[in-house]
Ligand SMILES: Cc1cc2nc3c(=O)[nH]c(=O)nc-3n(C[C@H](O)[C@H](O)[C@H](O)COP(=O)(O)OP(=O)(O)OC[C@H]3O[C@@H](n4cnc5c(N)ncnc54)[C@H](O)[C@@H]3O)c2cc1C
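Taking the form predicted alone, here's one chain by itself in C-alpha cells.
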Amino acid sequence: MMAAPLVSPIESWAMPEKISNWAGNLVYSTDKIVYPKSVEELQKLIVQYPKMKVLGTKHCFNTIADSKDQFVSLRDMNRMVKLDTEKSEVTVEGGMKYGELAPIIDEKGFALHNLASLPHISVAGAVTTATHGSGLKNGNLSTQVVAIQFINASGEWIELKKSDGEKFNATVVGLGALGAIANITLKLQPKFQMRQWVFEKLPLSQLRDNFETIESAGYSVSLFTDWTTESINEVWIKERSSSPSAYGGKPEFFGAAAATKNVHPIIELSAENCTEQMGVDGPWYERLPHFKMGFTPSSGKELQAEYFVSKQNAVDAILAIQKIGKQISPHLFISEIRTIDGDDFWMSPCYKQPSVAIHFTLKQDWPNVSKLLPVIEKTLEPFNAKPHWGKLFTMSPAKLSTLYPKMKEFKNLVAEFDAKAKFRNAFLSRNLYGK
C-alpha cells in the first residue's frame, strides 16, 4: 500500500501513449500499431494478425476505423508510385494525403477535379468513406478513382479497374471492410487556377426560390449557416480563373453582401487558417479546400455529423432543419451545405443520386449531441437522408439497410475477400450486420 503511490506514476509513464482521432473525441480501443513501409511488409502483417484494422489520418469522428486488437497504419506508405502523363493518371500509396499529392501533380501540369474542405486527409481514407467536396457537376472524391489495389484478408494482392464494371463499383467505397488499400490510381486533368468570393447573410427566401441558380454560381459552392436567423451566414463561391465571373467583384449576391475581407466559416474565428478569398487567383489545390494544409482546420475540438438527401429534396430538407434551428444552435459551431453529383459506387451516399449534404460541426459535448442527432435524423427521415460513413450518427442498422439497395450484394463481396471477418470491427458489425 505504501509503495503504490510511487509505482503507479512509473507504470503510467511506461505505458504506450493512447491513440486518439484528430478531434480528440475518440480514444481508440487499442494502442497496438505497426507501420509497414512497403507492400511486402503490409502483406506479411495482414497474414500475421487474425484481427486488425487499417488506420488512416484519424479524421473520422466515429469508430469506423477502430480496433480492439491491432492497427496497421500506412503513414509511411505515402509515396507517388507512378505518374502516367499519357493517360493523365497518378498512382499513389495508401497513406498519401491530398495536401502532399496536389503540389507534386500541379508541378507536372495536372490537377484533380475536386478536393474536400480539408487537405489533411489521406486519399485512401477519403475514397473508402465517399468523402466529398462541392459542385453540382462534381462527384465525390471516389469518382476520381480508375483503379484500386488492395491486400485482402489472405494477404493476396487484388487489383480492380474501372473497366471491371460492377465489381469495381462495389469495391471503391469499401468502408475498410475489404482489405488494406495499398495503391490507388486517380484520373487527372490539366491544372487550373481558381479564385473564391464570399458573400454574407443570404436571405433564406432567396435560397428557397433560387437554390439551383445559387448552387450553379461557381465551380464549387458552399453555404454556411448556424440556423439562428432567416439567412445563410456565408456563401463561398469557388470558380475557375479561366471562366468569366458572373458574381465576383459585385456588391451583392441574391441579397447577400460581398465580404470586405477574408472570413472563417465560423465568423468569430480568425481567417488566418483559411484559404485565400477576395477573388485572388491561386492554384486549384489552394482554393478548393477551405483550410490551408499547414494549419489546424475548422475549430479543432469539435464533433461532426452529415446527412445526404436527393438534390430534388434539398430545399425542403434545409427548410425542415431550419425549423428546429433553436434546438440545434446551442450545440453548433456551424453547418455547411454542399452539392455532390451522383455516382455508381454501391455504398456511396450518392449512389445513382445527385445529392445535397447538410453538415453539422458541433461542440464536443457528446451527451447533448447524442440526444440531438436523433432529432435531426427524424427531421430528415421523410427525405431518406443517409449519414456520412465517417461521421457521427445514431441511425439504426435496419434503417441503413433500406437506404442502400446494394448492401446485401456488398456483404457478399466482403465475405469473398474476408471470409473470417479479419477486418470487421464493432462499427461494421452493427451498421452492416445489425449486431
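Predicted, not measured: the structure shown is a model, and the values here were computed from it. The numbering used is simple: start at 1 and walk along the sequence shown.
What comes next is about the form predicted in complex with the ligand, which is not displayed.
Exercise for review: Look at the stretches 127-135, 245-253, 260-268, 273-281 and give the one with heavy atoms within 4.5 Å of the ligand in the model of the complex.
Suggested key: Selected range: 127-135.
Exercise for review: Could you tell me which one of T57, Q43, S67, T379 places a heavy atom within 4.5 Å of the ligand in the model of the complex?
Suggested key: If I apply the 4.5 Å criterion carefully, the residue I get is T57.
Review point. Do heavy atoms from each of V173, K311 and A385 fall within 4.5 Å of the ligand in the model of the complex?
Key: Judged in the model of the complex, none of V173, K311 and A385 sits within 4.5 Å of the ligand.
Check your understanding: Do K238 and the ligand share at least one heavy atom pair within 4.5 Å in the model of the complex?
Key -> Result no; K238 lies far from the ligand in the model of the complex.
Practice item. Spell out, yes or no, whether the shortest heavy atom distance between A116 and the ligand in the model of the complex is within 4.5 Å. Key: Yes, A116 is a contact residue.
Exercise for review: Check whether K406 has any heavy atom within 4.5 Å of a heavy atom of the ligand in the model of the complex, and answer yes or no.
Suggested key: Although the ligand is absent here, K406 would stay clear of it in the model of the complex, with no heavy atoms inside 4.5 Å.
Review point. With the cut-off set at 4.5 Å between non-hydrogen atoms, does D341 touch the ligand in the model of the complex?
Key: No, no contact at 4.5 Å.
**Study point:** Residues in 73-105 close to the ligand in the model of the complex, defined by a heavy atom within 4.5 Å, in order
**Key:** The stretch touches the partner through L74, G94.
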